[in-house]
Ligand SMILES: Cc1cc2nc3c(=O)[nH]c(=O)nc-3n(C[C@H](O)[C@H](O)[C@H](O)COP(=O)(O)OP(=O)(O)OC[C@H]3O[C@@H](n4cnc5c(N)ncnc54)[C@H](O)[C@@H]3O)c2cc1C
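Given next, in structure tokens, is a single chain: the form predicted alone.
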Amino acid sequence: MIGCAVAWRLSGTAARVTLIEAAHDLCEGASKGNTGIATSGGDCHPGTLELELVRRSSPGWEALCARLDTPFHRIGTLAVALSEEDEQRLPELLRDAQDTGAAAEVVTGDQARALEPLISEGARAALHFPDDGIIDSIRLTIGYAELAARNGVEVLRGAPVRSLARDGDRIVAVTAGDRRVATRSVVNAAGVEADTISRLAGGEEFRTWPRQGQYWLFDRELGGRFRKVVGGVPTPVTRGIYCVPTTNRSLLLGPTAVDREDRTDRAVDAETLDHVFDAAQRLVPSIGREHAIKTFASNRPASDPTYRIAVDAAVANLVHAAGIRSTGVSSSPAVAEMVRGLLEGLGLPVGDQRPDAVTELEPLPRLLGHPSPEQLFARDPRYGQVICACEQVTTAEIAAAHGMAVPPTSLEGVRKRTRATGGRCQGAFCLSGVSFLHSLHAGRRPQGIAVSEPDATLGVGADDA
């Protein structure tokens, strides 16, 4: 997310930019494993850089998401007090929220149920943050990168950084995959691997580690009933479990927050998932497992301190954008602008916007929820060819995804750009059709297309007959 946001912000300037991604595609880490809440800052700590950057970002989401063809809805959040102890904490939390500058109010249980009828009858009161929003964080990340690429940013995928060459106290080249990229400056936005990049550069010593969150994903039959994001009363240790209606009307429950050592471990376990479900059901009793379609885990980058956005103390042209945890989505536009300012201070040509820069993406029409489907059919008959019934994804949308400047390289990449295979059946009925179309657009035989990483194929053998 942060690396793509920085690339987007720099792409409109005179700088030459290369975006380096270790994974086969963008949005493979925390960017696709978060709640998609764009907080207005009321749950941040006053006086922190995190809060400053979240507050700078919050007012501009409607305009930015319109430019990046990304869904965003400012629906608000309710932090629901179910116990007397929780209720007693609300006035203090309200004062803290007011200190942040974010809109907040304490409402009674009845008022909370009027705002969100699904919450428990046992709700005694709630803290309401009306300016919080929900955002499609996957579409946002890809939107950042797509606009950057259309402005000339080179996007290298499947290119893990192997070394950084220095001349004195400056990095002069980055070797990523099989490429060597000469550089005047490097932005370290490597998430949980930010400490690895700093170490390879001979920069500051710090530690990042994975903080795992486990989630449930529920069908839109349930998610579509929600009006608000619903959570419990936060504690000094955790923001707790949320019920988050997504922009495509499904529902997320989670996340947990458990520090781990293994940066690749994204396994779920029944005990943790039961805890998540039970906590969510206490808030919204009508949640039932019959609506569940998926469970998953993601690793967010944890560090101490958080929000390390600064020029390295030992490497003169290394800028860190690291330690950005659960509010990375909410702060990303302002983080990108702050990094741009640091690079300008290092003498890079990032001060002025190029007059020929592309500033917005043309919206990609989608059949699901379109007010006039017949207009789409007239525009392109392939909109009448539905490949993924759960998400109503059409042949036209899959073709458009493959025509992007940063097209999918796998079936997972198709899902991220179109939601094909991402609905109720999780690809059980549409995988063959989506695979066939992807193989045609990618110019590969079916046995050669990847599900996710390049070696993870469908297991379809070649026909030797």
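Because the structure is a prediction, the values reported are computed rather than measured. One-based numbering along the sequence shown.
Keep in mind that the form predicted in complex with the named molecule is missing from the display, and what follows is about it.
Participant: So, a 4.5 angstroms cut-off on heavy atom distances: do all three of I2, V161 and T327 pass it with respect to the named molecule in the predicted bound form?
Facilitator: Each of the three qualifies.
Participant: If contact means any heavy atom within 4.5 Å, which of 268-276, 354-362, 297-305, 99-107 contacts the named molecule in the predicted bound form?
Facilitator: This holds for exactly one stretch, 297-305.
Participant: Is I37 near the named molecule? Define near as a heavy atom within 4.5 Å, in the predicted bound form.
Facilitator: Close contact exists here: in the predicted bound form, I37 approaches the named molecule to within 4.5 Å, heavy atoms only.
Participant: Against the named molecule in the predicted bound form, would V451 count as a contact residue? Criterion: heavy atoms within 4.5 Å.
Facilitator: Although the named molecule is absent here, V451 would stay clear of it in the predicted bound form, with no heavy atoms inside 4.5 Å.
Participant: Is there a heavy atom of E344 no more than 4.5 Å from a heavy atom of the named molecule in the predicted bound form?
Facilitator: Contact with the named molecule, no.
Participant: Heavy atom to heavy atom, is A30 within 4.5 Å of the named molecule in the predicted bound form?
Facilitator: Yes, A30 is a contact residue.
Participant: Tell me, out of E193, D131, D312, E337, which residue has a non-hydrogen atom within 4.5 angstroms of the named molecule in the predicted bound form.
Facilitator: If I apply the 4.5 Å criterion carefully, the residue I get is E193.
Participant: Just one of F218, Y383, Y215, F226 has a heavy atom within 4.5 Å of the named molecule in the predicted bound form. Which one?
Facilitator: Exactly one listed residue reaches within 4.5 Å, namely Y215.
Participant: Would you mind checking 253-286 for residues with a heavy atom within 4.5 Å of the named molecule in the predicted bound form?
Facilitator: The stretch touches the partner through P255 alone.
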